[in-house]
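To begin, one chain is listed below as structure tokens, in the form predicted alone.
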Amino acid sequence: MTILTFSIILLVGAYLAGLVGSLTGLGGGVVVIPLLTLVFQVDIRYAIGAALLASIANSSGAASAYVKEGITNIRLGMFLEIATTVGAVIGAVVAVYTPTNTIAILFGVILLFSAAMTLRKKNQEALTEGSKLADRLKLNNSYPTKDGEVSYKLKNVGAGFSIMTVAGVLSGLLGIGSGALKVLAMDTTMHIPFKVSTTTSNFMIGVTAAASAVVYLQRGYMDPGIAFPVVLGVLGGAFTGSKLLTRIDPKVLRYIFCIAITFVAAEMIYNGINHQF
């Protein structure tokens, strides 16, 4: 395979990763890493380094549009980023000393969890009563809908913060945005409407990935030949996804995504158990 062919295939794959990551709030790494490791046989640590840069691009592309539309809760995102950033640095340091097969198995398990999370019923209700801590931190907000502005309040801020720390560790360890855990923390635990949790997750993923990427860069796990087409593709997909989110029902996309991710997860776990990484 020539370098040009490799770059074009990687560019297309990264575009689809950015599109899916933007629509689901999961981040592009869940597609980029299996593409690099299973299809192109790239060392998983180099794949993680590229995926972290892809997550930054995905977050930057989608988040800018969502912030402009007023859906993202910026104050909440900045607060929860304290937890994810600390966790991301810890995870990145641990990853350097963790066997690649162990990382592959754990990655497959997280993919299965991500697939299950995309199929669950989404929280669309806006709470009218929240916690005192949410009021004290001024985390309650509103977002625009076709029927007008909808106000919402938050609950279980402490539990959400704790889940975000775990999400940060997994982000640094596996090179994915850990969007499934972030959406779980905001949607299920803190009872934030789904569109707000998805867009706020996209806003946060870039900062979390940037903290991890520094460690991978220092260790030499960033290859420009891999990272450049990945970043370009993911950025384009993220912009497209941010435009489509307000116009389409992504239910069909979620089902297709879950089937594909389940297959990829099984392949990652199988190869990890058989020491093929």
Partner chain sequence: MKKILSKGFWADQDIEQLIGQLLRYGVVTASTIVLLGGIIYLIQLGQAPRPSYHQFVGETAGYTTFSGIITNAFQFNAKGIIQLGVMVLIATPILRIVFSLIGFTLEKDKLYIVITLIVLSVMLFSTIGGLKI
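Numbering follows the first chain given and starts at 1. Computed from a predicted structure; not experimentally measured. For clarity, a rigid core is taken as the largest C-alpha set superposing within 1.5 Å between two forms.
Another form exists, predicted together with its partner chain; not displayed. Remarks below refer to it.
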(request) Choose one stretch from 85 to 93, 103 to 111, 162 to 170, 187 to 195: the one whose residues place a heavy atom within 4.5 angstroms of its partner chain in the model of the complex. (result) 85 to 93
(request) May I ask whether 6, 56 and 218 all come within 4.5 angstroms of its partner chain in the model of the complex, judged by heavy atoms? (result) yes
(message) With a cut-off of 4.5 Å between heavy atoms, is residue 116 one of the residues that contacts its partner chain in the model of the complex?
(response) no
(message) I'd like to know if residue 127 sits close to its partner chain in the model of the complex, meaning any non-hydrogen atom pair within 4.5 angstroms.
(response) no
(message) I'd like to know if residue 240 sits close to its partner chain in the model of the complex, meaning any non-hydrogen atom pair within 4.5 angstroms.
(response) no
(message) residue 78 versus its partner chain, in the model of the complex: is there a non-hydrogen atom within 4.5 Å?
(response) yes
(request) Scan 209 to 228 and write down, in order along the chain, each residue with a heavy atom lying within 4.5 Å of its partner chain in the model of the complex. (result) 210, 211, 213, 214, 215, 217, 218, 219, 220, 221, 222, 223, 224, 225, 226, 227, 228
(message) Tell me whether residue 266 is among the residues that move between this form and the one not shown (Cα shift of 2 angstroms or more, core superposed).
(response) no
